[in-house]
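A single chain comes next, written as structure tokens; it is the form predicted on its own.
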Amino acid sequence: MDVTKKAIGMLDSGVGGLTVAREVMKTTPAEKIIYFGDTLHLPYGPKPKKDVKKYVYKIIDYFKQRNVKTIILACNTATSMLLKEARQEIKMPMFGTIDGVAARVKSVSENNKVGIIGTKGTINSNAYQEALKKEVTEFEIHAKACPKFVELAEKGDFEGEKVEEIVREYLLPIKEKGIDTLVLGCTHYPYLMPVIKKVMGENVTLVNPAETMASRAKNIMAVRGMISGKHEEPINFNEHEFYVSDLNKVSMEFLNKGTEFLKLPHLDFEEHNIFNNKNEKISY
């Protein structure tokens, strides 16, 4: 099969990775995406690496069966824990949300004081911190795990007093450090971007790794001759496939607000539990 006609496999611990899917759709609109959200094992952030690796590699095996041309780890926890070794072990082009972020931060930060927020697993891995230090050694980095943000996003709680209170609790200590750039090191966090921006203020630039990764993936795929020959003509949205491993953990509130937030025509999730082969379907 012509490699340009193959789909892109994209995985996340839940529905947060749809923020990455949206950026990839905008950047390479002719590419088909097969999205898999492992809601059965959500969240990945607090889990040990050995468990995350077991889940991620199972999904990668599924993508191999689907004969995808490349795999995107649309999950910061999986990226920070596994991207480097997965690239060495799996004979397939692979991209992660950390790709290109350091260069982006370097271009927008004026005082080299940078905040990084993410899951416990992402922050403890030091992947973003190390990437930034390689780009600019004098970066002053303030990293903080914000586990409640994932819960809010998955439930569709994108705004309101409760959300703002939680955001302030996590981010005001970082803001007080005088940072001028904040990396949203979790794919769920862009859903909360309006509130995060309100709390951090206009003087702090928010960096969404999904944007930098999508651009980098497009460039590398183009060089390798993997981009669809009709890359200027968007495919029909219905050609994309969206799967989760447990439909019970996908809230209708998220489907409602998430569809509107991502500016997608609709979201159709099919349950495909590759861990026990139970399949159902839900649409919004």
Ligand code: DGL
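Heads up: residue numbers just count along the shown sequence, starting at 1. Please read these numbers as outputs of a predicted model, since none were measured by experiment.
There is also a form predicted in complex with the named molecule; it is not shown, and the following applies to it.
- Not one of 105, 141 and 181 comes within 4.5 Å of the named molecule in the predicted bound form, counting any heavy atom.
- Not displayed here, the named molecule is kept clear of residue 36 by more than 4.5 Å at the level of heavy atoms in the predicted bound form.
- The named molecule is not shown here, and in the predicted bound form it never comes within 4.5 Å of any heavy atom of residue 254.
- For the chain shown alone, residue 210 is not a contact residue for the named molecule in the predicted bound form, no non-hydrogen atom being within 4.5 angstroms.
- In the predicted bound form, residue 127 stays away from the named molecule, with no heavy atom inside 4.5 Å.
- Figure note: of the listed segments 130-138, 117-125, 193-201, 158-166, the one touching the named molecule in the predicted bound form, with heavy atoms no more than 4.5 Å away, is 117-125.
- Taking the named molecule as positioned in the predicted bound form, the residues of 68-98 that bring a heavy atom within 4.5 Å of it are, in sequence order, 75, 76, 77.
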